[in-house]
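Shown next are two forms of a single protein chain, provided one at a time as structure tokens under the names structure 1 and structure 2.
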Structure 1
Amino acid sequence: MRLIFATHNKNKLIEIRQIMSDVASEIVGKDELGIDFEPEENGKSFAENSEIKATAIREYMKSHHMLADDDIIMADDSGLCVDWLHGGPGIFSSRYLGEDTSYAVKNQHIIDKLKYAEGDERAAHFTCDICAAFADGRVFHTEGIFPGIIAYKPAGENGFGYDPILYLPEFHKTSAELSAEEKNSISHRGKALREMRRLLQHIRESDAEISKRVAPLEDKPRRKRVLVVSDSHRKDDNLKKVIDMVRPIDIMIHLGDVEGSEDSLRQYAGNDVSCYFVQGNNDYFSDLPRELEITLGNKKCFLTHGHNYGVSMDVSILADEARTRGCDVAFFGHTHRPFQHEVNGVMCVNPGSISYPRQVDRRPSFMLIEILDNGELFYSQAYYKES
């Protein structure tokens, strides 16, 4: 499998080679293939921009007969988000104050803008979204965040861009004072790349399993698959298409605000799929249970819509409730935003909304879980895209 990274930034290529070398037979930059096409990054979020870059290069390669069946085109979009600047410069990081302005000037400008900011008000982070566009049309994303605070003066010679002004209190250094290895181990891009590496390995395994399954002589038991969705609000088209897309599934979990479609969805999923629905705040006069506890693999899971636990503000009350019940995982919906984080020892998971997404990129989302042989759960956040 060949991995083509759609960047002209040599620093990124070095990092990706260090982290991905064992999942791809070849890792090349688009420049090394002689591709000088530069897609316009006109998205409204890091995820939109990385997908624009990766898919545009894939289409370019396809139209120039350069694309092999197992090629993966990868692109990232990253930037510095400063709380005091309302998340800026964000997706405009490289264009901030003009492409040709030196980082010495950009960095000093940010420090000057924060002259009245103290303590937590100086919080900032690098964000990185990586998109992998497969030759067969599939698209996957991972994200990494690298938090710190804006330094009072630039320091350090390593790294690039805004590294000299992101101060990391626990290291007493700026990002530019870390060695390349130290930075890769904790950086936004390092985290997103390692997550992507894990995801690619998983996809490769499940693709191999699918091709084995279609081979008539093989009859190995497959891993159980769980589809987790929420907040369909009686707009069921996307959900039905997703069910067809991810079949075979063994379990479907709906985390509320199904608004009366539960019977038709149960029927659509089929008799061999065990369905669990819980009530949402819009499921008036519903007989569905308000909450459920089920076991997936070796994990005890708490299922709730989440509105009674204030999940729109913070998931810690939900995590505490799940922990009190002896649950390892808390599944919730309500916010219409995908979320997966371990909080107080409980994995808190929200698949987002399949019908009315509210996260920045507004992509209908769902989660697919595989129950591994050792009972652990393998989570894949996925997005529905009209084809």
Structure 2
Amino acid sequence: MRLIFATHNKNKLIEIRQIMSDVASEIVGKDELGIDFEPEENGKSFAENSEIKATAIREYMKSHHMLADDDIIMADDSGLCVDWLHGGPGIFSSRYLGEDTSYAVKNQHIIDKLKYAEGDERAAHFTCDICAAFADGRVFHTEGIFPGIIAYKPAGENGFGYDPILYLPEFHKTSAELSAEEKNSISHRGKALREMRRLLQHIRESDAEISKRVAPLEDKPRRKRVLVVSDSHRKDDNLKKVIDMVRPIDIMIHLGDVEGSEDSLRQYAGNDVSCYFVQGNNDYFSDLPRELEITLGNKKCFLTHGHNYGVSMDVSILADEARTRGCDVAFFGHTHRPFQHEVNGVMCVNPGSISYPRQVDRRPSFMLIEILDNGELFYSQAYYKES
């Protein structure tokens, strides 16, 4: 596994290599590969900007035949968020008052803005979002927060940017007064990198498990297997091939926009497969249920297409609805993009689209779930390679 980090900052690369060395065979900056391409950061959040950079560099490498199958392109976006300034300067931290304006001027301007703020009103934090864009199209994020308060005057020479004005009460110092070792152990970037390290280790282990579990295990008693799909839009060839590929299955869940193919798909899956379909926004005149609640193992699951819960923007409304119903898992479709994340205590799962995928790599996707002996669910995000 090779990590390519979209940065010019050599000190940042040193920190990355210190933290990530045991999860990658090689860690390089994009400059070291001769990449001088600079994507435009026009996102509305730290996460959007880091993903713009990481995925743009990935596509650049792909188009220039530089991308290996196990490459991961990483990028970060960070900034200072001040409560009194309603979260500003935030994603505009480097451009605050103009990119050519010195940080001495920027820092004093923020201090002046807070001249009437006292105590907790001066709360602020550094945020860092790191995006990892896999060569196979997957994208993951981690975030780190470095909390403090805005100082009454700048102090310290060890940092840069806004470090001299973020005061850390527990250390009685500003960020710029910390030693490099102290800062790296508690900084927003250090936290995000350590979480990314943990995540990449988990993904590597999970990928190894998935490669074993997609095919039935012949040497062990077979566990119940659940195929979860969505948004086939009556283009059923891929789905039928996936059914054949992952047989035997015990349950098939379709999360909407089947567009009238439910009877033929039930028949194709077989009489011994329990099938659950919910109605999507394109299932006009359908008598399929809009929502279902079922039990898989020891988990109560909420099934819905998701368009009535605004999942294209945010899954928190869906998660809250599932939690209100006493459900542990919320399955949804509609976005045509794979998604699996715990939100407000509910595992929210979208298998993506088996027919019309919309994620960057445009690979048809599905979810395969094993019900383990203890009733827990083992999720395997999988993809179908169209011939």
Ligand code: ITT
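Between two forms, the rigid core is the largest collection of C-alphas that superpose within 1.5 Å. Residue 1 is the first residue of structure 1, and the numbers go on in sequence order from there. Nothing here was measured: the structure is a model prediction, and the numbers come from that model.
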Task: Which of the two shown structures is the form predicted together with this ligand - done: 1
Task: Rigid core superposition, Tyr284 Cα moves 2 angstroms or more between structures 1 and 2 - done: yes
Task: Rigid core superposed: Lys30 CA moves 2 Å or more between structures 1 and 2 - done: no
Open item on the list: Could you check, with the core superposed, whether the Cα atom of Asp70 shifts 2 Å or more between structures 1 and 2?
Closed with: no
Task: Value in Å for the CA shift of Phe332 between structures 1 and 2, taken after the core is superposed - done: 16.4
